[in-house]
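A single chain, nothing else alongside it, follows as C-alpha cells in the form predicted alone.
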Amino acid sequence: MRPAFSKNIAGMSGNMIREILKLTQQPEVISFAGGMPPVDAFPVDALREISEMVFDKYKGGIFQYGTSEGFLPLREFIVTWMAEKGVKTELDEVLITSGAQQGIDLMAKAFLNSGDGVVIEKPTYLAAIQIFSLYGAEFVYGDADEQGFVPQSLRRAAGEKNCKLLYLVSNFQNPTGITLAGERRQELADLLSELEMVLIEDDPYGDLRYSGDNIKPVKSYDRENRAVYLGSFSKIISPGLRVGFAVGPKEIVGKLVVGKQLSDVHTSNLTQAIIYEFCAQGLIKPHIESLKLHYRKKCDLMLELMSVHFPPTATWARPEGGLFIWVQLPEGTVATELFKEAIKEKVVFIPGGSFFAGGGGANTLRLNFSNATEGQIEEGIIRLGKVMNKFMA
C-alpha cells in the first residue's frame, strides 16, 4: 500500500530531537539533548496532595467536557500573573492550550495560507519551523546578534514576501540562549503596527532567569494589540501535564478558540485544575526560585567544565537563564559527524543545523544542562571534550 499523503505532510520528517531522545532510553547514555526538566525537579508530593484535593473539591465535574477557552479559575490567575509581568489583559484575551507549542500551531492555522511569509530568526525553535512549514509558510530571516533580534531588520524582511507573522523566542532563546534586549522591545512593538504584522512571542523559559534583571515582554509594549504571548507551565511545573496559554487580542484569541475546537476541543480539565490549585496555593513562586538555584548551579558547572575540556577553537556565550548553551565550532566542522563519534562514547547533544530553516549552522550544537545530574554533567562533558579534541585535531 502506498498512502496518498497530503503534500504538506508527505515531505515532513520526524522531529530530530525526538528521534535523538530515543537514544537516551539506554541507561548508559548521558544526554545533553532534550530541553527537559529533571525528574527530581517535579514537585511530586505537592502535586499528589493537590490531585487528591482536586478530586474532593470538584467531584465528577472535573471529568466532564470543559470550555474550549479553558478552566475559568486558571484563566483568571493568568490575568493576574501577566499583570505582574507588565501585561494588562482581560479574561476573554486568555486561552488555555495543550502546551505552548499548540499555541504556535493555532496561530499558524489562523493566519497562514500556503505561500505566506513568516519572519523568523536564524536559528530558531525547531518545532516552530516544522509547524510553519506544514502550513506552507515561506520563511524570511531577520537579523540577530548577541542582543537578539534586530528590530530594523523587520522592515527589510517584511518587504520580501507577504509576511503576516513574526515569530520570536524573546527570553533565553531556543537554541542560542540569547535574550532580546529590553531597549529593542519597544521599537519592535512599534514596528508591528507600522508594518501591519502580528508577533508570536514564545516565552516558555522567561521565569528561569539566573543573572541580570527581568525584562518585560514585548507584549507589554503592544499598544496596538498586535502581539500574542505564549506561556507554558511545562518548564516550571511539569511538561507531562501539557498546560500552556495564549494571551492576545480578543479578535485573534477568538479565532484560536475556533481552531482549538477543531483540534482537541479543550485542554484536560483535570490537569488545568491541578496547575491552578498549585498556583493559587502560592506554591508556584517558591518552586520557581528553587528551580533557578538548581539550574544555575548546573549551568555554572557545565560552563566551567567546558572551559577545561573543550578545544580552544570552540566558543560559546554564558546564558542569563533558560536551559541551553549554544556552541560554535570552527567553520568547516560538521556537528552531525561529531555527533556520530559522540554516540560511540555514550554522550549525545543536538547538532545545530536542525534549528536553521533552509540550511546552515553545520558547525554548531546545542547543549542542555537542566536534565542531567551534576555527576552526569561532569562525566558527559569529559567524554564530549575528548571526542571533540580528537575529531577536530
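Throughout, we count residues from 1 along the sequence that is shown. Please read these numbers as outputs of a predicted model, since none were measured by experiment.
The form predicted together with another copy of the chain exists for this protein as well; it is not shown, and the discussion that follows is about that form.
Visitor: Can Ser68 be called a contact residue for another copy of the chain in the predicted complex at 4.5 Å between heavy atoms?
Guide: Looking in the predicted complex, residue contacts with another copy of the chain include Ser68, since a heavy atom lies within 4.5 Å.
Visitor: At 4.5 Å between heavy atoms, is Pro249 in contact with another copy of the chain in the predicted complex?
Guide: Output for Pro249 is yes: heavy atoms within 4.5 Å of another copy of the chain.
Visitor: With the partner left out here, check for me: in the predicted complex, does some heavy atom of Pro37 sit within 4.5 Å of another copy of the chain?
Guide: Within the cut-off, so yes.
Visitor: Does another copy of the chain get within 4.5 angstroms of any non-hydrogen atom of Thr89 in the predicted complex?
Guide: Looking in the predicted complex, residue contacts with another copy of the chain do not include Thr89, since no heavy atom lies within 4.5 Å.
Visitor: Looking in the predicted complex, is another copy of the chain within 4.5 Å of a heavy atom from each of Lys122, Arg155 and Phe349?
Guide: Negative, none of the three is within 4.5 Å.
Visitor: Residues in which of 265-273, 183-191, 144-152, 311-319 have heavy atoms within 4.5 Å of another copy of the chain in the predicted complex?
Guide: Going through the listed ranges, the match is 265-273.
Visitor: With another copy of the chain left out of view, which of Leu208, Ile284, Met302, Val198 would have a heavy atom within 4.5 Å of it in the predicted complex?
Guide: Partner contact (heavy atom, 4.5 Å) among the options: Val198.
Visitor: Hey, which residues along 230-259 are within 4.5 angstroms of another copy of the chain in the predicted complex, non-hydrogen atoms only?
Guide: Read in sequence order, the residues that approach another copy of the chain (within 4.5 Å, in the predicted complex) are Ser234, Lys235, Ser238, Pro239, Gly240, Leu241, Arg242, Pro249, Glu251, Ile252, Lys255, Val258, Gly259.
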